[in-house]
Structures are given as C-alpha cells and as structure tokens.
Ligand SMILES: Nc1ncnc2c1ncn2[C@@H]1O[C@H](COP(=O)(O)OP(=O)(O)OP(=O)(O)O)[C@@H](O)[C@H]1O
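Take a look at this single chain in structure tokens; it is the form predicted alone.
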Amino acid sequence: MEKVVEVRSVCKSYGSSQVINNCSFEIRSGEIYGLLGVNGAGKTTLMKMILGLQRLDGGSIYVLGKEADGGRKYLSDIGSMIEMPVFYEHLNAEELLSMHLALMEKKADIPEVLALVGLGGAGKKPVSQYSLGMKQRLGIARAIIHRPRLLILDEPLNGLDPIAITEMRELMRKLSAAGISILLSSHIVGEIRHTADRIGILSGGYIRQEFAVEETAAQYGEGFEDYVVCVMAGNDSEGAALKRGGM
C-alpha cells in the first residue's frame, strides 16, 4: 500500500522545551490516521511541520514522495484545517472558495463541493451568519476544493454538537472512500475511536503506541478507553494491565 506520509525521526524544540522527540510514523493511502494526545502534546506542531509551515530541528518528512517544504506546488496536493478556520466573514462561501481556487490556480465546481460538506443551501449566505458547525464544514470545503490527496484536520470535531459530530464523521468516511488520506488529531479518545482506521498516540514527543482501532478495541473491550488514556499519560504498563477491563 502506498505511503502518503512518512515522518522519520523528527525533532522540534522551542527554546529549552523539546516538543517533538525522535517521532516516526506513516500514513497509508486512503486511510484515516488518528493522531491522539493530550493538549500540549505537540499534535498541531507536528501537523504544521508536515505542511512545511515550521522547520524541523532534525529528521525528515515526506508527503507523496516530496520532502516537506511548504511551497505552492507541494501544498497543491494537501488540504488542511489547522485549529479553528478563519474567514472574511462579510463574504459568502462561494466568494471565499473562489478566492481560494484563484490562489491555488485550480478550478472546481463550488456548489458541488458545498453540497458534499452539507452546505448546499448556504453558499450565498454571509459567513458571519454561520454556526460553529457550518464554519467547520466550510473549513473542510476549502481544504478539499482543490482536490488534494491528503487532508490534515486539527481537532475538526472540537466544539460541535453530537449531531454535527456524527455528520462530520460520515463526511470524513466519504472522503476517505473517495481516495483521500486523512490525518486527524484529537485529545478525546471517544471522538477519534469512532472515526480513525489507525491511531498513533503522541506522548513524550513521539508515537508511544500505534494500532488498528478495530483490532485493539476488540482486544481490550470495555477497557479500551482506559487503556488509551493510560498510554496517553505515559503509563504503558498500567494500560497493558487493563486488557478486557481487568487489572
């Protein structure tokens, strides 16, 4: 299976604080990879480095065989939504997506993409009148309008109500089925468990554990979330003792 992303022994520090420490993982073609870690674990930093928006102190990152550099040609294969999406709120969705397409030097059917993310009837409505969930959808529309092969989403379910979360999960599954590989971050185990195919737990600056969600959830049963939380906190041995919910 094709490797869409290869993160190899990456390191990143801010002053004396090392945020990413010898971190390595891969994302395969067409899968949803969940990057799970507590707030401050370095998830956003890692995503920005994959996008070529922050320098690496060590190691290397390759996306679709190209080294991360943040150039326009490089980013044309990637869509992203880092932290909360920001828009010119006096404009409507169609105007904003037209601007993005012009920047990316691409063409697309804007009404079709808006319909795909559940904004089919809101294309001419000013973004200032959008709910949080609608803004999240518009952020994804902007991220996919230029037909990327990789989608990077930083906490995309944050702040959404249960119905919006369910709809967002369905959308990500639809995009994955269409061949788009997705890197999804979260600090909430339940959110990522029901969305990702594989999970990498970022703790101590590196991927402490990595597993297929379906297999590990079956192995640990009701103790799955407790196990994952223990690993997130760096307590691997305690997590292992929780197999099938028993100590």
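Note that this is a predicted model, so its numbers are computed, not measured. Note that residue numbering follows the sequence shown and begins at 1.
Another form, the form predicted in complex with the named molecule, is not on view; read the next lines as being about it.
- Note on contacts: among Ala68, Ile192, Ala41, Leu183, the single residue with a heavy atom within 4.5 Å of the named molecule in the model of the complex is Ala41.
- Screening 31 to 39, 56 to 64, 192 to 200, 216 to 224 for residues having heavy atoms within 4.5 Å of the named molecule in the model of the complex returns a single hit, 31 to 39.
- Proximity of Arg208 to the named molecule in the model of the complex falls outside the 4.5 Å heavy atom cutoff.
- The named molecule in the model of the complex is approached by Glu83, whose closest heavy atom lies within 4.5 angstroms of it.
- At a distance threshold of 4.5 angstroms between non-hydrogen atoms, Val19 is in contact with the named molecule in the model of the complex.
- At least one heavy atom of Glu155 is located within 4.5 Å of the named molecule in the model of the complex.
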